[in-house]
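Here you get one chain, nothing else, as structure tokens; it is the form predicted on its own.
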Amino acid sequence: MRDSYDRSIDYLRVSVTDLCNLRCTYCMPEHGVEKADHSRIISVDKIEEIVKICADLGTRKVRLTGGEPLVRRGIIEICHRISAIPGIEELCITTNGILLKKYAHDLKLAGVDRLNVSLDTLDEEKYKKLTRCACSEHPIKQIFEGIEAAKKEGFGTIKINTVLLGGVNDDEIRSLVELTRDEDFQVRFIELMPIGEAKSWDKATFIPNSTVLEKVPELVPCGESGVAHLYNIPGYKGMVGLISPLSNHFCSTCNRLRLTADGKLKACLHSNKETSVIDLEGDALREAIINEIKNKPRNYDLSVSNPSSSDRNMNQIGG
């Protein structure tokens, strides 16, 4: 289905939970989030119903996010059901990787095609500080064990998502790029967005992705993949992706619709407009989805001085 600006809306991102086993500083409050009433969290049946309608309207790709999707009860069943829906060509999950070793086998059997693993630093102590993590003594080791388990299960190119934070991890850019030397990884640097917890952060934290090219000048352009501009170092096995929501807006090609864990549709990540669909069924649900797509805004001029209008933290939207 096309919106009013002739963009084909064929990508649905589903936040299956706003809970997480981490509390990343830019994603959620330090004290975490209050557990929502179970009746107001979207059910497995409702997720399946919405994805079926979206598939009928032209959705071809679904990404499951959170919070952390692997803490959602019934996540494997959700994957099974979505992967079996006619028209869905690709099912992906974005995870922090802490539970990936445990779930890699079941995710593959359930029809998950691709994995994105969020990892902002290779330094254990810095990781614990960034994520407020008390889940493991050696969390980064645990994440890479999960990645190895996923590779053994047959998952192809694994994308590693790194939010670029000035004064925090910009000194690790080359080390992160080096992950692509011998592995078929796509390390993707994502500019920090002024949304949720990060709205009030110091401007120096928001640095452009051009910093990556300055620090690793041997990177060579090699195409595009969705919103990522791809680069590699000749002779390296993997690639580097730059996703630049601040310095290089991509609203004109946005193909996404979002479903939150409490059953709201969002056509724009940064708009505060939402449509509740958790209690809708049949034709009413279909009409609400169509209207949300038709009313998708043309753009949002995101900048440090013009932050997101969304009233949610990132753990409630799923990025």
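Quantities reported herein were computed from a predicted structural model and do not represent experimental measurements. Just count from 1 along the sequence shown to find any residue number.
Omitted from view is the form predicted in complex with S-adenosylmethionine (SAM), to which the following refers.
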Heavy atom within 4.5 Å of S-adenosylmethionine (SAM) in the predicted bound form - the one residue of 168, 192, 158, 228 that qualifies: 192
Single option in 265, 261, 27, 268 placed near S-adenosylmethionine (SAM) in the predicted bound form, where near means a heavy atom within 4.5 Å: 27
Exercise: residue 163 in contact with S-adenosylmethionine (SAM) in the predicted bound form, heavy atom 4.5 Å: yes
Exercise: residue 180 in contact with S-adenosylmethionine (SAM) in the predicted bound form, heavy atom 4.5 Å: no
Contact test in the predicted bound form: residue 59 vs S-adenosylmethionine (SAM), heavy atoms, 4.5 Å: no
Proximity of residue 94 to S-adenosylmethionine (SAM) in the predicted bound form, heavy atoms at 4.5 Å: yes
Site test, 118, 314 and 318 vs S-adenosylmethionine (SAM) in the predicted bound form, non-hydrogen atom cutoff 4.5 Å: yes
Candidate stretches 94-102, 169-177, 81-89, 144-152, one within 4.5 Å of S-adenosylmethionine (SAM) in the predicted bound form by heavy atom: 94-102
Members of 56-74 lying within 4.5 angstroms of S-adenosylmethionine (SAM), judged by heavy atom, in the predicted bound form: 65, 66, 67, 68, 69
